[in-house]
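Each of two forms of one protein chain follows alone as structure tokens, named structure 1 and structure 2.
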Structure 1
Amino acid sequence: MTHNSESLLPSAAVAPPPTASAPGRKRSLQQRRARAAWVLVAPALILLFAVAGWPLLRTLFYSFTDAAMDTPEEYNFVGLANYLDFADGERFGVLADPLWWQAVGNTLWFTACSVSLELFFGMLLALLMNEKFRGQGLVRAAILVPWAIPTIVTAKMWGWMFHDQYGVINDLLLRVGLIETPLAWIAEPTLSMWAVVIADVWKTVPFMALMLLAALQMIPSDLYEAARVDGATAWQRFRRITLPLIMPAMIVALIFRVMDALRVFDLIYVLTSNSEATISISGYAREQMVSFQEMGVGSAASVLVFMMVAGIAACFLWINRFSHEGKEARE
């Protein structure tokens, strides 16, 4: 019986189909996730543009005109004159107004002081509420009360507390001997901004505390137990474990609070009647547009407020992304 010689030869090994490398598969997965994320957020972005984008574009348009508040349909284009203009050796516009720069300084000072204090006291409250003790639920519920009170009510309440004759703040300070005569917290320029900061810190510390508490509860307890076994002190556990793990949530909370503090208006307007000593950039824009009926100048100030808030928020996001990429590179 004859045999086919080809059947006696070993069959050629069939090479497996080429597969994508691991980095290529990872990039493809990331691209699919990115496309899915854009699809999911697209309705919200469209709604956001319809609600906020059109007013912003209209404000930008009016910032290049001399429109008045009572007759917005009657205007002439003035270019950048509402922002900065030169005539007869003098400067005009928002950027040439000393009150604008005072408002910028007040806003930045208020933001730095209030957000720093809120982060400090919020961290202390979050660490306290993260511990197990009797009445923990009651404390967590009570801490929400200042945050739930409307800002207008908070301003009026603290206005009475800071009253130079009937206020409880002066009464307490006089009783403990820290002051000899009542202080005019609202009327005194050197004290009025501190009064605003104290009222804002009292109201918004709960927000910071709850954001940090949510991050603290996500940390596995095994990490702390291992650190205790290794002899780490409480400060070392906080610096090496707690702080790095809650950093993303803390940055998000800081972004929210910084953006909110930069746009502060109602608290200052009600508590101090928007005086020059405490006027904010939002208060300046409102004064130009409503009090002086200069819609073009007020729109220019509003655009500058938006650019300032958006720029600082972008810096926060860039710092967060840079630190996150640096951490991934080290790993």
Structure 2
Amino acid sequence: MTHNSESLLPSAAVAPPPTASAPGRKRSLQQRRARAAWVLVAPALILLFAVAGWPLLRTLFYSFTDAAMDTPEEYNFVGLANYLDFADGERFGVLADPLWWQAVGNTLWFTACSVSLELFFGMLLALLMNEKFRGQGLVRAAILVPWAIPTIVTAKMWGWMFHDQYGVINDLLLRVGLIETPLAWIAEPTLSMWAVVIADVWKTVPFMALMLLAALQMIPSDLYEAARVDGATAWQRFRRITLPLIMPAMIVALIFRVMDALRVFDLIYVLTSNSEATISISGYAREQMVSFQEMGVGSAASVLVFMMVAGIAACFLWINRFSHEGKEARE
């Protein structure tokens, strides 16, 4: 065993017989392990910095320039003009663009609607899967299908089902008698966002349900038996036992889903072709960047997207930490 002289020296200075000192040896082992740990983590950190961190900094840099997508090498600094600029009494920049604010509204609306519907249906589904019944394996296989289907395929499938003339949705609604004339789900601005939300909920409820189910299965069953003996109703059992115990897992699942919903792009891009009524903030930024070749403006929008998502994430983490501290204080 070759000892690293650097890590051995300080302990040797304090304790004269270096080989016999047990704490000294332990520390050097600890130190060597810590050093090796950095070497082991290094490739991952380097990759993350080079391909995620550095591009993020460059995006920030480009957001202060007027670079175009085809010639990113030629640029001039324009300060904050891509964000907001005043010229001749008029306002320019992303923050003055009504479409940006429309995209912000769309994204927040989409996130709020789809995540709350997912939570509701996911909870119902998890409670169902937590019951014992025959054919459970089949149902679990079935609910994994929407999760497994690629988002683009989901978008195309639902696009076809929402087709105004030949779509299945209109056909079913007509047969049941809920509507009298076919609806233009994709083209009608008031309906198109619902089409997006429905497709997204269909795809992501399984994820939510599986998360909640895993938490449900960790609740010891004697808690329910005790509550039943005490005469608690089903709702009381859910409200007083189930909900508090699965809360931590639920919050984590919620954070995952909110972060995911805030950066939605592919579903909307394919299902409604980024129409004004449904365009998301990610879609807006990419449209500026790629369709209009405005790398500077697009980067500015990207930075705003990043700040918005990071801000919401920070709020969540803060709330989560707050509730954790409260829990630890009680224990």
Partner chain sequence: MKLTRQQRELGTKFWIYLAALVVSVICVFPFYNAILTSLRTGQDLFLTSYLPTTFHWENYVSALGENGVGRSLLNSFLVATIAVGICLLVSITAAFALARVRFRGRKYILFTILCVSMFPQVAVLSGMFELVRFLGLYDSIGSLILSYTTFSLPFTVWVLTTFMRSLPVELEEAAIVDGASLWVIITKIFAPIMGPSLVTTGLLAFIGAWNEFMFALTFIISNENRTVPVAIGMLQGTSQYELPWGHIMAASVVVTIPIIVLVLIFQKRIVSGLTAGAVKG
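Counting starts at 1 and follows the sequence of structure 1. Predicted, not measured: the structure shown is a model, and the values here were computed from it. Heads up, when I say rigid core I mean the largest set of C-alphas that superpose within 1.5 Å between the two forms.
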Choose between structure 1 and structure 2: indicate the form predicted on its own.
-> 1
After aligning on the rigid core, report the distance the C-alpha of Ala50 travels between the two structures, in angstrom.
-> 3.4
